[in-house]
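Shown next as structure tokens: one chain only, the form predicted alone.
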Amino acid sequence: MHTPFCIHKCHYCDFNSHVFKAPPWQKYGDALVKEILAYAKAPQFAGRSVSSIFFGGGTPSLAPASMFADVLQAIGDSFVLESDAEVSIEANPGASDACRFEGYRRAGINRISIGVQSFDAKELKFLERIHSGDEAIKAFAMAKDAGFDNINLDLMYALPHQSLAQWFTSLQQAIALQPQHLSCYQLTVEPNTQLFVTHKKKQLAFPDETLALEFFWQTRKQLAEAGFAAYEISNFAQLGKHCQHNVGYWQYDDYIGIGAGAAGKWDDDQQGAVRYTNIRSPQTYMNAVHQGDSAINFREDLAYAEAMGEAVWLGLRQSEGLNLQRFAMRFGQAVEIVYPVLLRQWLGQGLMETYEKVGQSYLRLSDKGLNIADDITASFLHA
């Protein structure tokens, strides 16, 4: 469920976000509801249950709680909403207040993800964040006071000129707050961002590959010592607090993308998959939906082989790896039959490994393989 409105567009951000002084919340919320009602009648989704909902952005925490209440009501009326469904919202510490958090909780949201990124003033200034470290701590306290007991903090490392010691200071501040979940990402320079343009002109001093790996492994070490299990390349959780919504992506589940620029995916009846993205412009999106037109701007039909590669690529991001029985059930073939050459290569080099857990077989990256995770996982996309 995408909310594309922001107070300020950070220069590293490549998400679909737009600066609006006064977002048209009522019109946008009505469009979200209309889109939900349309998908409830679509044959690929009608009658199915919903296990997770994620309000992302942009900055969803700018929106009134009433919009989320209306959307959640529409989902509950249109689908089978599971009793233990995870309902998350992203919040910006610089666009949050206690009343909003309390309203989100009353609306039915039970998990909150706060975009802290750093507690250091200089780093926040470089990232063009609109909050301070103190405001991030205050936002966390407000979320707890509002009744949230499942809180994630987003953090970012490997910034230009950032030392390991500087990163550890922010990381330890986050750990001290005792959130249930931490997402720790390496800053990457994405095309079509202002940071890309700046870096091309000035060649900012990002850590080299060796130092970037040191950030990665030391982060895992410190979080493991603090009781956070790494269940995916960039995500860490206390026991039982994995983000179920993201796990669904990595397990190649179906999902509906609602809102301007949102993305969705479903399995087709030929064992392939369909992926789509909505119109990015908020105004054009709202006009299309209110006129009864489709909000989809781009659709891609993945053939059987392409869907298999994508399922492996996503599954290997998880620390437990790809469930081999689940893959065989979904695609009707065993992984070792589909990818014999790649498996011999990566297993033979000790970059991947297989193991058994509770009667299930898994294929995962080894610690050595995690160092070149992108190369290994992408190889299955192009096999």
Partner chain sequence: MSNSEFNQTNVRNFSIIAHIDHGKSTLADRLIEETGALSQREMKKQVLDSMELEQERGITIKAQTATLEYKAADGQLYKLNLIDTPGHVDFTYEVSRSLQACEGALLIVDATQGVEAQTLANVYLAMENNLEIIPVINKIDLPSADIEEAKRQIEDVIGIDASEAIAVSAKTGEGILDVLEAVVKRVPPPANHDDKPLRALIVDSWFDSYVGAVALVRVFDGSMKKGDKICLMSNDKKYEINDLGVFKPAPIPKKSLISGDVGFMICGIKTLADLRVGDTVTLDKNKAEKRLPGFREPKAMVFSGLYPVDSNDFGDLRDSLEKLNMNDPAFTYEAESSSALGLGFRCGFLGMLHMEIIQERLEREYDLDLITTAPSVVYRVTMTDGETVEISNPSEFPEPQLMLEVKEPTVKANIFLPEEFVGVMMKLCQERRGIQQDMKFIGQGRVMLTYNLPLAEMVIDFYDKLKSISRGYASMDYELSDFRSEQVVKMDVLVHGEPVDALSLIVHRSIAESRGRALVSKLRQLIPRHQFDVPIQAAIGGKILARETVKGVRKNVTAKCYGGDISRKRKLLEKQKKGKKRMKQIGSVEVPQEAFLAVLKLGDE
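From a predicted model like this one, the values you see are computed outputs, not experimental measurements. Positions refer to the first chain, counted from 1.
The protein also exists as the form predicted together with the partner chain; that form is not presented, and the subsequent description refers to it.
Site annotation in the model of the complex: the residue of S132, Q222, Q186, Q166 reaching within 4.5 Å of the partner chain with a heavy atom is Q186.
Out of the listed residues S96, S170, S88, N246, N246 is the one that sits within 4.5 Å of the partner chain in the model of the complex by at least one heavy atom. Contact check for E209: a heavy atom falls within 4.5 Å of the partner chain in the model of the complex. The partner chain in the model of the complex is approached by A263, whose closest heavy atom lies within 4.5 angstroms of it.
Although the partner is absent here, S361 lies well away from the partner chain in the model of the complex, with no heavy atom inside 4.5 Å. The closest heavy atom approach of D267 to the partner chain in the model of the complex falls outside 4.5 Å. Contact annotation: the partner chain lies within 4.5 Å of heavy atoms from the stretch 213-221 in the model of the complex, the single such stretch among 173-181, 142-150, 99-107, 213-221. Site residues D120, Y231 and E320 are none of them in contact with the partner chain in the model of the complex, judged by any heavy atom within 4.5 Å. Contacts to the partner chain in the model of the complex (heavy atom within 4.5 Å) from stretch 107-129: none.
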